[in-house]
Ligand code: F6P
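In the form predicted alone, a lone chain appears below as structure tokens.
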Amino acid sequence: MIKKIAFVTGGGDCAGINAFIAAATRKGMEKYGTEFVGIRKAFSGATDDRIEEHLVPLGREEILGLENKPSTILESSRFNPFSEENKAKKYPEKLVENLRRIGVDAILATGGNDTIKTAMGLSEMGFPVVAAPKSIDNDVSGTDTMLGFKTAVTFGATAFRSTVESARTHRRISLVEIMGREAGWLALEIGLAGGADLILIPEKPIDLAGFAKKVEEVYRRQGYVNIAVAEGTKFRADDPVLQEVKAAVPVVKALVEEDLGKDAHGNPKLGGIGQILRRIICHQLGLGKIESVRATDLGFTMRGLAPVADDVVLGTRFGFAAMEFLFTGVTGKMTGLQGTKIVPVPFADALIQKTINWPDQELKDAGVYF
């Protein structure tokens, strides 16, 4: 019997998380008489020796108006209790022990691939858990879209349009770096909605000579260029243009060879491709001055945003569905939007990387270079 449920919000913050918390709490209290509590800092707080210090009571007063608040009221963490190192330290066992000690019978988690992987580990230990997908990268499978993506695209497109107008006014090349390690959904939709001339995505590796030639072609034709580039855009380490520019421009050599390390889940940390491509364009087009190409990094500006209506609605529907799943015995699953329905998606299916699957011709029509 599920009497008490805890929320955890892992990974990067985004819009829509609080709507999920509010909806699930409201439905759980009204329909099932359930008690709710939030755990700050996700699985880091849940495995702390003083877990009680990380608890946030959630009742009717606490969720009033919560659905429209940005980010997450529970803070977040990328801590991975199921890493090989942490499994050796018995963190999975400590996680379950802590939850039992505070009287929690089930977990509702929001997160992307890494949080869902942790939720799967917890489920495999026999603990009831349901997750809701949350990622501005839109890279979780089994769902048409996920919390945070619509808000990020809406804001990102507005910001991108600002750089478009500035580039047109000053007759220059503008490059905007956008999040997206393996999946380029954000760069694609922001670039398309924002008016990009060229879009670079991780799914389509580029040759730097061809890219520079394309930039020059657009520049000569209209006098300015607007480029949307996903942070995970790929080109060969032995690309001749890269080798040439590395030898000529010390900053490019330093940026390319810099090791940013990995996060708690083993993912390489990214950032800086905008500055690299900025200098490659300057060098290849013979522009002379670095200010001839402006580089903007939208970065974390897309995370702590108030949710647009789509994310409030999606978070609410996910919250309602998550409660139905738990109380009908459906655990070890993620809420997924497929068409107009919310369906349970096995964690293993959700963890398949969701990348852009548009036809090549449609991508080319949208301005994607490859």
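So that there is no doubt, residue numbering starts at 1 and follows the sequence shown. Note that the structure is predicted; figures quoted are calculated from it, not measured.
Here the subject shifts to the form predicted together with the named molecule, a form of this protein not shown in this document.
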4.5 Å heavy atom contact, Arg181 and the named molecule in the predicted bound form:
yes
Looking at the partner-bound form in the predicted bound form, is Arg78 within 4.5 Å of the named molecule by any heavy atom?
yes
4.5 angstroms heavy atom contact with the named molecule in the predicted bound form for Ile136:
yes
Should Glu231 be classed as touching the named molecule in the predicted bound form when contacts are defined as heavy atoms within 4.5 Å?
yes
Stretch from 313-321, 298-306, 36-44, 341-349 whose residues place a heavy atom within 4.5 Å of the named molecule in the predicted bound form
298-306
